[in-house]
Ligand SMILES: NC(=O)c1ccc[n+]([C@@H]2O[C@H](COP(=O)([O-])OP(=O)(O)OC[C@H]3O[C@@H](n4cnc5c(N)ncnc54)[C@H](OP(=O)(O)O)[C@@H]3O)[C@@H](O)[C@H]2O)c1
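Okay, so here's just one chain, in structure tokens, the form predicted on its own.
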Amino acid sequence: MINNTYKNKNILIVGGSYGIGEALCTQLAEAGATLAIVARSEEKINTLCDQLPGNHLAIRCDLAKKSEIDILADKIEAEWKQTHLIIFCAGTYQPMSIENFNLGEAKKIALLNFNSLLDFIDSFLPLIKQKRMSQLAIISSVAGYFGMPNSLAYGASKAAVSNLTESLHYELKKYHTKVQLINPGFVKTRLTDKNTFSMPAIISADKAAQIIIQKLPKKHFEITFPFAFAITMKMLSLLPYKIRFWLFERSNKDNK
């Protein structure tokens, strides 16, 4: 059950049209928050705003274009004196091995998952320095813990996102902005539906959003789930390369 933590809070959801982002919008609106929902599909976010309780902003923004992120920052500055929480959950995914490596697709993944976050930080930095951004939560992935088969571009982009978020944790303290990193395991969305392999401990987007909402007010820097799967991945990341490589190579052989 959601308490009054989010009631009357201004929350910016970047990438709120599908998956975890959409589930977060639904649950946070029900908790009494005022949302600014950002995505590329204007029709989708307008429909979502109409369906949610309360009055919310639908802001179309193509995160691949820095000029549109600049406009987004200007709109938030004009609308809200204080943004209590930003959840950056925009991104894309495509399974990719060396056999189906596609340079254009790989660059697109890097652009939307990592470069757009750099652009976002640059555009919103004036508001951060004015201490008008209270909390920033960035969704990465346990796929960023270490390199894995079939994840040539996605895993690398998420590793970069996680590294940047760790740096922001230090850098934004002086501006009173709390920074948190969200590392989900497998969550059922239109993106993970692309996978043809078994996804252990997969959960729904609604469940993922519920966990995130419960943990955001806490002091933890990293929010990761499902717990058992995330701990397993973290332990694997601590293994010497020789052992980890052997485990994944054996797993690949067993799955063939």
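Note that residue numbering follows the sequence shown and begins at 1. The model shown is predicted, which means the values in this text are computed figures rather than measured ones.
Beyond the structure shown, there is the form predicted in complex with the named molecule, which is absent from this document and is the topic of what follows.
Scanning 209, 29, 61, 36 against the named molecule in the model of the complex with a 4.5 Å heavy atom cut-off leaves one residue, 61. The single contact residue among 230, 223, 191, 52, judged by any heavy atom lying within 4.5 Å of the named molecule in the model of the complex, is 191. In the model of the complex, the named molecule stays beyond 4.5 Å of every heavy atom belonging to residue 86.
Proximity of residue 41 to the named molecule in the model of the complex falls within the 4.5 Å heavy atom cutoff. None of the heavy atoms of residue 159 is located within 4.5 Å of the named molecule in the model of the complex. Within 4.5 Å of some heavy atom of the named molecule in the model of the complex lies at least one heavy atom of residue 140. Across the options 88 to 96, 129 to 137, 73 to 81, 167 to 175, residues that bring heavy atoms within 4.5 Å of the named molecule in the model of the complex belong to 88 to 96. Of the residues in 171 to 185, those that come within 4.5 Å of the named molecule in the model of the complex through at least one heavy atom are, in sequence order, 184, 185.
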